[in-house]
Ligand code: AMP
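The data below hold one chain only, encoded as structure tokens and taken in the form predicted on its own.
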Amino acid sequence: MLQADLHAHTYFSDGTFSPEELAAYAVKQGLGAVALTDHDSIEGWSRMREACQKEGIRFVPGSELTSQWRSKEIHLLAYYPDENHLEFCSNLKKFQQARTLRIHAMTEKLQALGIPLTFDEVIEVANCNSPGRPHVARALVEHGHCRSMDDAFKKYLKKDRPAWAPKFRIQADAAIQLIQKAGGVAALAHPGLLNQDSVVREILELGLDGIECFHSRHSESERLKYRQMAEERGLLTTGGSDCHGRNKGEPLLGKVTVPMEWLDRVEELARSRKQDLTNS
């Protein structure tokens, strides 16, 4: 039976695939649907929609929003938000501006360390509206300052390393409300990466619609645990590979999938929510 991968990125954030390459690879992996969830961006939607239509698979429009709760960075998957919703789109621009300011801060710190990497060189590598640390790492490698992206993160870009810099993050409860006001479905991304289930339980009380139970870095026991959390609270279950293209060897797309019925429930909630918003 056909399956869905509900978490993937393109070069419109920190992936390496174009939307067309992502759609073609999804077909190669035998998928029936794929979600484009670039960080703080919907920039690739139009091309991804066209590519999926051409390939004969379902396109799931999404975005992965970066938020925070109790000093923890929380990632939220927004499925089917209205791409013309003014508040949602204006906030995406704000998040993208925060990302750009962070690149400025990191390149300034690198230069203070004697590494002559410029903001423009990173932006040239990024070539999108949502630049992030992976683009800085890639630029450090391409300009001969580090051996690999892992080397760049370990030396300079991880938290508490000399070139790390914070960025503005919306509060998690506000981000959930923003997604839902735009008619979208809000799911907590990769809860296992938080390494703190007490925080996960707090986030689940903020009005979330679902949990990403299946993820490429979740163990089988974590998958079962988060499915149980979702079922106990009447929340939707989602899952995906979190594919970033060929950043780290073989692409992950299709390695973690969920039944199409799970996607149907997500789409049904989004459709119902949009209808309610129209009628209100």
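These figures come from a predicted structure and were not determined experimentally. Just count from 1 along the sequence shown to find any residue number.
There is another form of the same protein, the form predicted together with the ligand; it is not shown, and what comes next is about it.
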Sort through L194, A105, I115, M149 and report the residue having a heavy atom within 4.5 Å of the ligand in the predicted complex. M149
Though the ligand is not shown, can you say which of H143, K109, K167, R161 has a heavy atom within 4.5 Å of it in the predicted complex? K167
Spell out, yes or no, whether the shortest heavy atom distance between H218 and the ligand in the predicted complex is within 4.5 Å. no
Check R133 for me: does it contact the ligand in the predicted complex (non-hydrogen atoms, 4.5 angstroms)? yes
4.5 Å heavy atom contact, F153 and the ligand in the predicted complex: yes
Of the listed stretches (180-188, 119-127, 133-141, 203-211), which one has a non-hydrogen atom within 4.5 Å of the ligand in the predicted complex? 133-141
Could you run down 208-227 and flag each residue that has a heavy atom within 4.5 Å of the ligand in the predicted complex? none
